[in-house]
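One chain is shown next in structure tokens, namely the form predicted on its own.
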């Protein structure tokens, strides 16, 4: 008798729950290329959900990337599940739910690269979700989408709606830059950023690891660079094991790590640990005691850079290396009599852009010999420097009219290009400035379709003059997610900021639930507010 009453109670409670909430479909950020949903929804019991490999999947148990992802996404989908107590046990007829993953290319031990296929198909129906992808990297993107589809009702029961998704990224390069020189960012801040990047389907971490203020990268072959150039030689450095940890953490989330060693400018910290690397500035006929950019006239400069880049390219597995090349102040070069003599010898006259060109051409050739593709800032193109055609140029200057004109010029010359100028989100303003990032049109410039195909993506930049671990996360998120959707999704389907607002608001709450201190978009609340304070 008691058992019958208990079952009746569970049945009535379930009916109340199912009818008390309006059936609803939940969105995915960034918006998939094709997505259809119905109001049909299926309950999911955390105790009965299982991730599995399809029998005909090329990847099977033991695939490091997907094994780790299955565990990670279970915890993301069920953040408050602690072993199955309370309402999660009221099902009168518990039904299993299986997420079946099929991958055509079973490569699991490598790293994501510029040719990685991130496409996937996801079909959610009663009792199962079927995820199909060309590669493990596409499977990761599909798992992220599935995780966003699962939701809780007011009674904390889990559901997912019937859904069909066909998805792939619009651009192959969707990056985020962190500056760890102007302020040192501790490892947990970097790793948390990588987690949040994966939630928004970013796939490149551009690590602006050194600059004028400090040199935190601990080199194996040139240890004085960090011991003398970092803010502190023990506490404010990235050891070789730290770097490997970042690369490994990123790999498991389908994120490439592209380091930047910017020169010949932005190198004041380098000179502290590498004598004679920087140009000695003169006041009249005597040295002033100050130093300028890297000295491009000495053979020792290129011997050092060859050694440093050889090490860096052995540590960072990605095929890209960012060489910088921006904002070079010629004042010191002009003052130095040895540089003046070199200019005369080379026939450069008084055009110091030719001297910078000479330097950049040399270091690009060094990286090419190391079988790496160089990324450089737009200044290198603007100074008409002779660089290989496979070099990628990054636009960082100007208002829309300026960067659109630059897009046209660079692509007309046949170079691939990245756009970051409109996504310097270290610049802040009162109000909903995410809308500016959202309305960027990376291919809206005068040029042929072939030129527009040379725009391979873009990146969000978080420069560190006023940013450290105390404010990094809320300044990044969810504003960076606006750019993420622009780089992933179909532009026509995501043209309305007003339609995007409630979706981004929901996604911001997802970030909060996952421990990301994403700042508010406007007045309102999340069902689960940030609990880490």
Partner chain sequence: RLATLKVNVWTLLLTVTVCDGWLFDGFAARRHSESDEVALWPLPQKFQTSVDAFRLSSASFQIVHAKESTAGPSCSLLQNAFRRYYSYIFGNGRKHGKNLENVFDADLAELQVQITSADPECDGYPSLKSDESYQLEVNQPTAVLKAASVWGALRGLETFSQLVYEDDYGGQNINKTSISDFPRFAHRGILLDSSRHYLPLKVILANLEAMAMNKFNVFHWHIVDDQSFPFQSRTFPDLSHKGAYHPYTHVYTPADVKMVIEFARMRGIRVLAEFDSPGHTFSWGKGQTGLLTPCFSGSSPSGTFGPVNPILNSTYDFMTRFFKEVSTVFPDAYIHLGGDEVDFSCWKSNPDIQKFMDQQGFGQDYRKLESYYIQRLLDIVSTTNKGYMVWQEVFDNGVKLKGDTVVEVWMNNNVDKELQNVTGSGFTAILSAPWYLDYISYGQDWKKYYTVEPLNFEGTAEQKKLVIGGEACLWGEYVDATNLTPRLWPRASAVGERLWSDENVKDVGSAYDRLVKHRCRMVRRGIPAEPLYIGFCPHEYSGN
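Model, not experiment: these values are computed from the prediction. Numbering follows the first chain given and starts at 1.
The next section is about a form of this same protein that is not shown, the form predicted together with its partner chain.
The partner is not drawn, yet in the model of the complex one stretch among 485 to 493, 48 to 56, 61 to 69, 465 to 473 has residues with heavy atoms inside 4.5 Å of its partner chain: 465 to 473.
In the model of the complex, at least one heavy atom of residue 428 sits within 4.5 Å of its partner chain. Using a 4.5 angstroms threshold between heavy atoms, residue 186 counts as touching its partner chain in the model of the complex. In the model of the complex, at least one heavy atom of residue 517 sits within 4.5 Å of a heavy atom of its partner chain.
A residue is said to contact a partner when one of its heavy atoms sits within 4.5 Å of a partner heavy atom; residue 162 fails this definition for its partner chain in the model of the complex, lying far away. Put simply, of 192, 170, 397, 452 only one has a heavy atom within 4.5 Å of its partner chain in the model of the complex, and it is 192. Of the listed positions (228, 132, 372, 236), a single one reaches within 4.5 angstroms of its partner chain by any non-hydrogen atom in the model of the complex, namely 236.
If you check its partner chain in the model of the complex, you find a heavy atom from every one of 432, 521 and 524 within 4.5 Å.
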